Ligand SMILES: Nc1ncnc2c1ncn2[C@@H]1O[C@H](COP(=O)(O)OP(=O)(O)OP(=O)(O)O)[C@@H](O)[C@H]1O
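Take a look at this single chain in C-alpha cells; it is the form predicted on its own.
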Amino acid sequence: MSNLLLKVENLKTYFVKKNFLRKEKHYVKAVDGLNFHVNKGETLGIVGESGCGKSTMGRSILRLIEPTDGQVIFNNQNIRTLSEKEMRKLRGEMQIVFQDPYASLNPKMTVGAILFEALKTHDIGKNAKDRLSIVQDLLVKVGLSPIHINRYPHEFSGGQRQRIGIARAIAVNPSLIIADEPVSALDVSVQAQILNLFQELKNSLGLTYIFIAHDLSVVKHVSDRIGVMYLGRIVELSDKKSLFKEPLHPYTQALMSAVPSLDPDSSKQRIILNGDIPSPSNPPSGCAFHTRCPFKQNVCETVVPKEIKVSDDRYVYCHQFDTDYKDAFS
C-alpha cells in the first residue's frame, strides 16, 4: 500500500503491578493487541471510555512509553528496533499534542523560548534570526500574534495554550501528529475553534492525525475513519459514515445510543450496559466485552474474537459476524 504511513501490529503495553506483601506480580493490560493502519493525509479517530487505553496507545506508538510487544511500522521502519539516537532523529516526523495545555508547557519559559527550543533540538533554521522568523510565522499559523512571543503560558487562556502546543508540534514539520484528547480540557465554545484549526493545518501542511477522544461528536467532526476501543482492544474499525449509520459491535451500538438526538421524533432507544468496565489488571477471558454484552453467548466467555472483515476497510471483532459461530446467535 503506497499510501501507507503507519501500521500497528499486535501492539501490547503492559504495566507491572506488584503486591509487596504477597511478593506477586500482576500485569495491567493497558493495550492488549491492537492492529490498525493509518494512510497518509487521513485522520484516524480513536474513541472509547476513560481507562480503555487510548492515551497509552498513543504514547506507545511514539515510544514515550515502551511497548511490551508488537510492531509499529512508520514509513517502512519498525521503530521498536531503533536505538535511542535513531529514535530522536525520527521524533521530528512524529509529534504529539497533549490533553492538558496547562501542564504540557513549561511555565518558566516564554512562548518564544518553547518554540525556539523545538527548532534548535531538531536543527531547523540556519541561525537565531532565521528561527525567530519561523517562530513568528508559527504563531500566526495557529491564530496567535507575534507580539505574544515574550509572554509566559500563564498569561494565556486554555484555548490559546493549546494553540501553542499545536504550534510546537508542527514546528518540526512532522508527517504524523497524535492528538491526545486535545479539546477535552477546553470550554465547549473553544473546542470548535481548535478542531477547525486542526483541519486547516491538515489541509495546508498535508498532515496525518491519530485523533484520540472520548466524545463521539468530536471524533465525527474530524475523522475519516474511526476505531472504537474497549479495555485495551479495538472492537470495531470503520469509515466514519458507515459507523454512524450502522454501528455493528454491541459496544459501539451502546455508545451511539447515548448520543443525544436533536430530532424530537427520534425513536432511538438508549442501550444501558450492565455493570462497570472491568479492570485491565484482571480482564475477562474470551471477549473482553462479554461481561456487559446483552447478546453474549457461551463462546464469548472463552474465545477471543478474531478480526472479521465486513466490507472494504471495515472490520469488527465480534462472534456474531463470525461464520464459525453463526448458529450460536441464531
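Computed from a predicted structure; not experimentally measured. Residue numbers run from 1 along the displayed sequence.
This protein has a second form, the form predicted together with this ligand, left out of what is shown; the following refers to that one.
* Contact stretch among 26-34, 66-74, 286-294, 299-307 - heavy atom within 4.5 Å of this ligand in the predicted complex -> Going by heavy atoms within 4.5 Å, the stretch is 26-34.
* To do: Tell me, yes or no, whether S55 is in contact with this ligand in the predicted complex, where a contact means a heavy atom of each within 4.5 Å.
  => Taking the distances in the predicted complex, the answer for S55 is yes, it comes within 4.5 Å of this ligand.
* Mark G41 yes when one of its heavy atoms lies within 4.5 Å of a heavy atom of this ligand in the predicted complex, and no otherwise. => No, G41 sits far enough from this ligand in the predicted complex that none of its heavy atoms falls within 4.5 Å.
* To do: May I ask you to check whether P280 falls inside a 4.5 Å heavy atom distance of this ligand in the predicted complex?
  => Contact check for P280: yes, within 4.5 Å of this ligand in the predicted complex.
* With the partner left out of view, is F15 within 4.5 angstroms of this ligand in the predicted complex by any non-hydrogen atom? -> It does: once this ligand is placed as it appears in the predicted complex, F15 has a heavy atom within 4.5 Å of it.
* Can you name the residues of 174-192 that have a heavy atom within 4.5 Å of this ligand in the predicted complex? -> Contacting residue: only E181.
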